[in-house]
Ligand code: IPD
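Okay, here we've got a single chain as structure tokens, the form predicted alone, with questions on binding and movement later.
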């Protein structure tokens, strides 16, 4: 199947699963605690992931599949096709009817995303990209902004599942926002990445994200003309947890190496 048609099919699947989020009820009775502070999974996460796995693997038989509810060390995405999926990014928001959650789907080839879809059913916004073909929102091409850090809006995640990183997250955020215009925290890394891609914000970071949190969004940022890396400017990989940043072209990374070192001590 050609990539363009494959992307259309993936978008349709994401939208269908978005309908499950919109119709969800009695969510609080279906919450289960996972390892780590504030780390939840709901019956809906598991249900959506099962649907995604079944339908996506019908599109690309033999592809690997890495979802949030899977063990990362049991899935090799380094060779051939692999889907990297977060069935509900922003689960804590979802459990509270705080409407900032989405479905994130990336298709990688030999370890690098080539297709990415992030669907926010609450706003009926579907961000998507094909490698080398640009990034789009609901059919309209999007671009990262031309603002500098001084004019910029900073987005960040607090790495809430790792208590030792929470304070450092705020320290890094302060270092950036003290030179920027303002700060936001949404609770969904995939949505935040798309905010940078669409020019609604200029910089995003989080100190610890897994590939399913950022694989689709990172491709969308790059195809929108933005940059993604870790906090020290190194290229992202998609096989382990790491720091993640996304930025508009006019925003330079600050030196936060002292904060990163202390966060690991």
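Residue numbers count along the first chain shown, from 1. Since we're looking at a predicted model, the values are computed, not measured.
Not on display, but discussed next: the form predicted together with the named molecule.
Interface membership of residue 121, defined by any non-hydrogen atom within 4.5 Å of the named molecule in the model of the complex, is ruled out. When contacts are judged by a 4.5 Å heavy atom cut-off, residue 95 does not count as touching the named molecule in the model of the complex. Not displayed here, the named molecule is approached by residue 90 to within 4.5 Å at the level of heavy atoms in the model of the complex.
Taking the partner from the other structure, the named molecule in the model of the complex has no heavy atom within 4.5 Å of any heavy atom of residue 145.
Stretch-level contact check against the named molecule in the model of the complex with heavy atoms at 4.5 Å: of 124 to 132, 106 to 114, 174 to 182, 155 to 163, the positive one is 155 to 163. 208 is the sole member of 60, 208, 228, 52 with a non-hydrogen atom lying within 4.5 angstroms of the named molecule in the model of the complex. With contact defined as any non-hydrogen atom lying within 4.5 angstroms of the named molecule in the model of the complex, the contacting residues in 179 to 206 are 185, 187, 188, 189, 206, given in sequence order.
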